[in-house]
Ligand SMILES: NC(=O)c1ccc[n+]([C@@H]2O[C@H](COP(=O)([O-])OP(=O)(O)OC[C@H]3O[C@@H](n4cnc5c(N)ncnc54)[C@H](OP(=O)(O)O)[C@@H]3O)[C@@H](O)[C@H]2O)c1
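What follows is a single chain, given as structure tokens, in the form predicted on its own.
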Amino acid sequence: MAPPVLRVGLIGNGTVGAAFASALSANHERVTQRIGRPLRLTQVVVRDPDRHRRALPSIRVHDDPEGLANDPSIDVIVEASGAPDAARWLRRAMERGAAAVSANKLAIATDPLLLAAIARRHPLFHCEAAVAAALPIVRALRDSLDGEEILALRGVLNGTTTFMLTEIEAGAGFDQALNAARRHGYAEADASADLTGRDAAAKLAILATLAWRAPVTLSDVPTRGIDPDVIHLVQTARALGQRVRLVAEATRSTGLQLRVEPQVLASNDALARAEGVVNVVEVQSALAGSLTWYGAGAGGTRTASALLGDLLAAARALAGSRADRIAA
């Protein structure tokens, strides 16, 4: 008897969603072998279905995310839309026993129920792609360091501002750097979430929730971003052999202290290695000491890599929790 098919629904087919769909197709045989059952992308939700149907043959393309979340034939929802309403769809899918995978850091970091699911390591909710694309910091905190006492964490988590600051170091003006980030696909037309620090703060909220097993929301993180005045800070730092980066950090002693702000970093600081769209995360733990992760934190294919890894984790959790309910 053939093993049951795992049916996947995708919300969003932009840069990240399209890269995920392509990666899933290209790696279908490998993924099937690793989860022990065939996997099929059966539905894609987008704002304008007519624009996407030709590129997605044999897949149902529609504009009803609520319907997808409620569809009992869908076993895993992969959310790559960035929509502010995404938290509701993710929660609904999990309420009916499906797994949910999301790259939407702002939706997660503003939803206490999803943060609570992260804090208690809910096996059917995965969000590696929401924090640092392919850099596996979420899984490290969730699994590898689960028995550890986390003392502090800090990171350069926003590729857009790091790219811009790298350009400014090379002599670009603020608007020039922002336009270059847009040309390379690292910044949206509306880059306010990046420039104000909200993007980095949302990622920090997710990491702090994982590290200390209690929901930390976006509103809990004092945040200051970058604006044209940062050029003077960059120039002064550069003259002293230092660098400016938008740093997100959290420490816990008597309480939890969080902040996101531009900081001047010494040349030997691990976070000063961040250039272009590279992310760097440093964790201080009681037993393992100082650990550092370094890698590309932006881009469709990098984020698709994280989504694919989360999809496999979700599939294995489903197999363990309700294998008899997966549609044939």
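All of these numbers come straight from a predicted model, not from anything done at the bench. From 1 onward, residues are counted along the sequence shown.
The form predicted together with this ligand is left out here; the points below concern that form.
Annotated contacts: 155, 229 and 263 are all free of this ligand in the model of the complex [non-hydrogen atom within 4.5 angstroms]. A heavy atom within 4.5 Å of this ligand in the model of the complex is found for one listed residue only; from 136, 82, 225, 215, this is 82. Residue-level contacts in the model of the complex: of 38, 299, 276, 67, one residue has a heavy atom within 4.5 Å of this ligand, and it is 299.
This ligand is not shown here, and in the model of the complex it never comes within 4.5 Å of any heavy atom of residue 9.
This ligand is not shown here, and in the model of the complex it never comes within 4.5 Å of any heavy atom of residue 161.
Residue contact check for residue 305: none of its heavy atoms lie within 4.5 Å of this ligand in the model of the complex. Of the heavy atoms in residue 22, none are within 4.5 Å of this ligand in the model of the complex. Comparing 25-33, 263-271, 44-52, 287-295 against this ligand in the model of the complex, the single stretch with non-hydrogen atoms within 4.5 angstroms of it is 44-52. Along 101-137, a non-hydrogen atom within 4.5 Å of this ligand in the model of the complex is carried by 103, 104, 105, 129, in order along the sequence.
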